[in-house]
Ligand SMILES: NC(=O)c1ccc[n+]([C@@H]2O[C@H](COP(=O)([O-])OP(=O)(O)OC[C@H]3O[C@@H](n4cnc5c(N)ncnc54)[C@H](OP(=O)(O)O)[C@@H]3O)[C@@H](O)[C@H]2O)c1
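First, one chain by itself in structure tokens, the form predicted on its own.
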Amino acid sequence: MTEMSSLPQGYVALLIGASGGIGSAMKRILRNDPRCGDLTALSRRDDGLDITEEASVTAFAEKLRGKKFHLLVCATGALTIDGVGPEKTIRQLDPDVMAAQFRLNAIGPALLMKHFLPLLHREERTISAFLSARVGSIGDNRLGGWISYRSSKAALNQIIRTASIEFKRTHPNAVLVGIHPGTVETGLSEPFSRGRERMRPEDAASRMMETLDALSNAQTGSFVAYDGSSIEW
């Protein structure tokens, strides 16, 4: 059983993207954590939360304004949008496809930070994690390709880093990070993982939660993998 032992007993959790492969696994973990006193799990499919529309994000934030959260996990994101997958070459670049990638993978999480980070507890320890991807690392990019997806995740990493600096000023015990889930057995990775070993969503989610629980306050604004290792920007 995975327990978030670094958070207060009875901690309050908010999970965004709870209907996806990784999100569903995280939801099960949090529901089974005896330390979790309250879980709000939201998704577009089940609840109508559209993170790309600020009016939708604002409306849900208003509904939750009376709660003080200790854990915020954003498990949203997509590699293929409207049937269009990642480019193999810059010659395939389509501005509308690129805009859609940024809208979902960078702007959407930024809107969540804008409206949901203020709902986190100010005095007690809090953890906020946004699913990123190793391919969003500029320093680790040695293969090229996937320019829209890579760029949207690189933008997300910068948003996380920048928001963490500002948020630390008002929430000194807050940890805000980007986390790479690894290659997971989900619909997102299925068409692009031939020959690569993939983890079950339950295993990936468990390892990510353990990694998040072990983070120190000094690691806020960092980019980590599911196994706790650091990823270069």
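We number the residues from 1 along the sequence you see. As the structure is a computational prediction, the values presented were derived from the model and not from experiment.
Form predicted together with this ligand: not shown, discussed below.
- The listed set 97, 147, 155, 104 contains one residue whose heavy atoms approach this ligand in the predicted bound form to within 4.5 Å, identified as 104.
- The partner is absent here, but in the predicted bound form a heavy atom of 49, alone among 49, 36, 29, 61, sits within 4.5 Å of this ligand.
- For the three residues 22, 76 and 180, a heavy atom within 4.5 Å of this ligand turns up in the predicted bound form in every case.
- The stretch among 118-126, 88-96, 132-140, 159-167 whose residues place heavy atoms within 4.5 Å of this ligand in the predicted bound form is 132-140.
- Among heavy atoms of residue 44, some come within 4.5 Å of this ligand in the predicted bound form.
- Put simply, residue 184 is close to this ligand in the predicted bound form: some heavy atom of it is within 4.5 Å.
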